[in-house]
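A single chain, nothing else alongside it, follows as structure tokens in the form predicted on its own.
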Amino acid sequence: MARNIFDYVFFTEIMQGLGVTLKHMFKKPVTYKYPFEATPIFERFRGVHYMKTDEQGKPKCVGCYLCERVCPSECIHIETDAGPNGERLIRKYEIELDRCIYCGFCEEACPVDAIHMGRSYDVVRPTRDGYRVNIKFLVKKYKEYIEEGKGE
């Protein structure tokens, strides 16, 4: 691409670059000091899961395995047993947060509106075992959301 003599003499590209720099120099910075300053969370953000409970404080999950089946990363593991009255008892409900892609399919598939995607994102753990959360953790997260007024 041929340049004309005007560009060589007046350094027009350099001047354009300096113009962009000057334009951004007087704008308010958008950097957050993360651990000390809260970052804004967008409305449709999907964070760490939580599980709703009924009036007695029991998890609403009925152990239908739908969330486990629709999960594309296969990070949800459920085991159930038969109760004395023929109902399903949840023996194990685990989510591997390090494998989860936070797609929200589990939330959409749940027929009893038990599992939800929360809004917390700071889940850094020192070991990989810390990323495997069980139903007690999910219920505790729900209680935190209720106390903070963020839950439904």
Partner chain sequence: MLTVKIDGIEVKVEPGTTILEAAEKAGVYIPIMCHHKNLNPFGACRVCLVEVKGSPKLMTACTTPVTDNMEVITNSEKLKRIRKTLIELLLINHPLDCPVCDKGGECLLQDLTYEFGITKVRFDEKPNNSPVDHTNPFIERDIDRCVLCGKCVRICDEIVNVEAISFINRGVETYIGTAFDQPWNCEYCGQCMSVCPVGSLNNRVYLFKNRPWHLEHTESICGYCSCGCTVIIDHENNEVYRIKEDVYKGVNKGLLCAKGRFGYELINSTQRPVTAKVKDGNEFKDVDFDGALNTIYEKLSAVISKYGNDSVAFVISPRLTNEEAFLAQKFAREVVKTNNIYSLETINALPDGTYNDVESSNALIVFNIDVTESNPVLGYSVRVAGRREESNLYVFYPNYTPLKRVATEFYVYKPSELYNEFELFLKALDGENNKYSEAADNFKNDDKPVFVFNPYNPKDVEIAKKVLDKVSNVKLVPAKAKNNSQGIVDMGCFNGMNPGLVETDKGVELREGIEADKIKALIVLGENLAVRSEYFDILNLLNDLELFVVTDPFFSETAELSNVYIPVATFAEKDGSFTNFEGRVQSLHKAVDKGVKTDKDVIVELAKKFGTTLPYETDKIREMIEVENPLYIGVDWNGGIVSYPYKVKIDGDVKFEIKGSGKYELYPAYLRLHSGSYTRRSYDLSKVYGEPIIEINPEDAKELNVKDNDYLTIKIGNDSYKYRVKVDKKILQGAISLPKDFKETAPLFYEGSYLKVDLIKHI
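These numbers were taken from a predicted model, which means no experiment stands behind them. Residue numbers count along the first chain shown, from 1.
The form predicted in complex with the partner chain exists for this protein as well; it is not shown, and the discussion that follows is about that form.
Figure note: of the listed segments 97 to 105, 29 to 37, 81 to 89, 43 to 51, the one touching the partner chain in the predicted bound form, with heavy atoms no more than 4.5 Å away, is 81 to 89. Contact with the partner chain in the predicted bound form holds for none of 57, 142 and 144, as no heavy atom of theirs lies within 4.5 Å.
Within 4.5 Å of any heavy atom of the partner chain in the predicted bound form lies no heavy atom of residue 117. The shortest heavy atom separation between residue 125 and the partner chain in the predicted bound form exceeds 4.5 Å. Along 19 to 57, not one residue places a heavy atom within 4.5 Å of the partner chain in the predicted bound form.
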